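Both blocks below hold the same protein chain, though in two forms, and each is given as structure tokens: structure 1 and structure 2.
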Structure 1
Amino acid sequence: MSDVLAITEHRRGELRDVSFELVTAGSDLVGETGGDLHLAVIGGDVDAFADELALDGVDTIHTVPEGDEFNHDVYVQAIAALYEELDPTYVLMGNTVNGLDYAPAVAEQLDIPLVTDAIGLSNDGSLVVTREMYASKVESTVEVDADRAAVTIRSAEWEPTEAAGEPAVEAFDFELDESRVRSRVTGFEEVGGGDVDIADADVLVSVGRGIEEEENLELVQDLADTLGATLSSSRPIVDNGWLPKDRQVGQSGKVVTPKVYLAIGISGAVQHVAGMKGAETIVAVNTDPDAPIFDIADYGIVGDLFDVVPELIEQFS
């Protein structure tokens, strides 16, 4: 028997997708080992969130009405108190940006081992976590040789649970130690709003670190112009200041769903793929036949972009 405590996430009044994915991962786990699945909802309109989270597989939802938005000091304290009360075997959290901000502190305070960014979980006696290393080139399994563990799951790896259920909803009585809240969220800002909205484009020519030098960008700009397409990019191109931030596709950039997405010299890191996997047709040009971008591509060219792109321009000129 092992109980699971899964921590849901919300932002600006809405539950985030990972909350529903955590329900799936959590109920799979208790399905294997027996035990209860507890959810925690911390901050915001907890009652409305609890209604939405009344899902199949959930035994109890614990609501902690503390603050409107995420604050890691509040989360860590609330989770530590819940942990003490419920004594779960596993604490499941999302490997989101906020997950990066509180999950490691939870594990450290509870003095339990932490495995992050899980893409698979199984348990036949002990917990085994599958995760990636070396920019997705290698996968590994990690066995947890302890009674308890904290695990964060990668977004969009588990299907969200949608089927309704009838969990108990309990308000968790919890006294926040204000003196230990030492950071304050003062606002949110939407970035971008430049002249081009890559989310509107039908065809995107998207360039990554394979382009090597800023002056080589001209080549892909030429291709975009020839095809009547819009130029976008992966993160390093924007980090280098070669293209403005509003051209970045991915987790922290824009989510795009064009008819055609040409990924040129882009490896296909999970944070990039999060922004473009919904494209109708994905074409990848990459020298590395094992680049993860090919896993989601419809068409692939294993080749050097400096050979392929000029030929492609030629084809359309």
Structure 2
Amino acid sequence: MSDVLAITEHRRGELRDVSFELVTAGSDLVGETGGDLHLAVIGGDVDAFADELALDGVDTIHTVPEGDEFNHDVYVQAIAALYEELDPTYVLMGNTVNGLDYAPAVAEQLDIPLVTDAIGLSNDGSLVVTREMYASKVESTVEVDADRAAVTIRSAEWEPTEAAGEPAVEAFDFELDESRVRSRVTGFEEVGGGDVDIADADVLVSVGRGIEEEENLELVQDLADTLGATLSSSRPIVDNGWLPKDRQVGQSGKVVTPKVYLAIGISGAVQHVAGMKGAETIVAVNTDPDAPIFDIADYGIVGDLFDVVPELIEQFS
């Protein structure tokens, strides 16, 4: 039997989607190892977060009321203390900005191997982690030659758990060494086009090279406005300076999981697909019937976007 400890995430009073995906990944793993799934909630409104995380497959939620926002030094100390108390075989974390901040320090302190950016986990006597390589062109499997390990999982690779459960909720107290806490969050400041977060959008209209010229973006923006959607893009649009970086979807941009993703003039390179394949419904418009985007699209329109988009605007107006 091997227990799993998963570290949830929150930001500015809200649990991040990866927290619910960690429940799924952890539940799948303990289903193979026969152990228990423990969740850690560190900082913020831990009681409210614990209520949201009372999900099927979770055995125990450990609340650690230290601070309001993420803090590297607090997380490292708290996770190390939890690890010593619970003695889990595996520690799961998000492959996020926060996760990649503290995960290496946790693995170093616990003296266990760290495998990052997992898209699959299995255990048949030893932990096997599936990862992508060469800009997501190939998948590889890593067999961990150790009894214990830490793993970060990629967002949107596991369906978030939604079914309710009845886990135990336990407050976890440990002695925080304040001398090792070298920074504090004092506030937030939005920068450069931070008026929207495409990761939170229910409907995204995303544009790619097919738009040809910057002035043509207005047409796609009109469609987004008509649909009540948010405008996003593939990397070339951002590289050209036509949209800010925070509108970029993909491996080097943001991972999004909207209810509807409408890809306009996007070919579907693996780097882009890695950021949006978790959308519930994918609709693609492209002149090339062999474009890779059609391989993952639920609905496809083969046609010139300059003909199709005005028709869509008229239909939904």
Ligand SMILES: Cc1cc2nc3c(=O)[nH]c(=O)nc-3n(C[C@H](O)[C@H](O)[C@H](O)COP(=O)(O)OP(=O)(O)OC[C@H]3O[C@@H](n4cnc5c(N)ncnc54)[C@H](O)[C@@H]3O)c2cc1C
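Under this definition, the rigid core comprises the largest set of C-alpha atoms superposing within 1.5 Å between the forms. Here, residue number means position along structure 1's sequence, counting from 1. As the structure is a prediction and not an experimental result, all values here were calculated from the model.
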item	value
Label of the structure corresponding to the form predicted together with the named molecule	1
Displaced residue check between structure 1 and structure 2: R235, CA, 2 Å or over, core reference	yes
Core superposition between structure 1 and structure 2, C-alpha change of G13 at least 2 Å	no
Rigid core superposition, E159 Cα moves 2 angstroms or more between structure 1 and structure 2	no
Rigid-core-superposed Cα shift at R247 between structure 1 and structure 2, Å	5.6
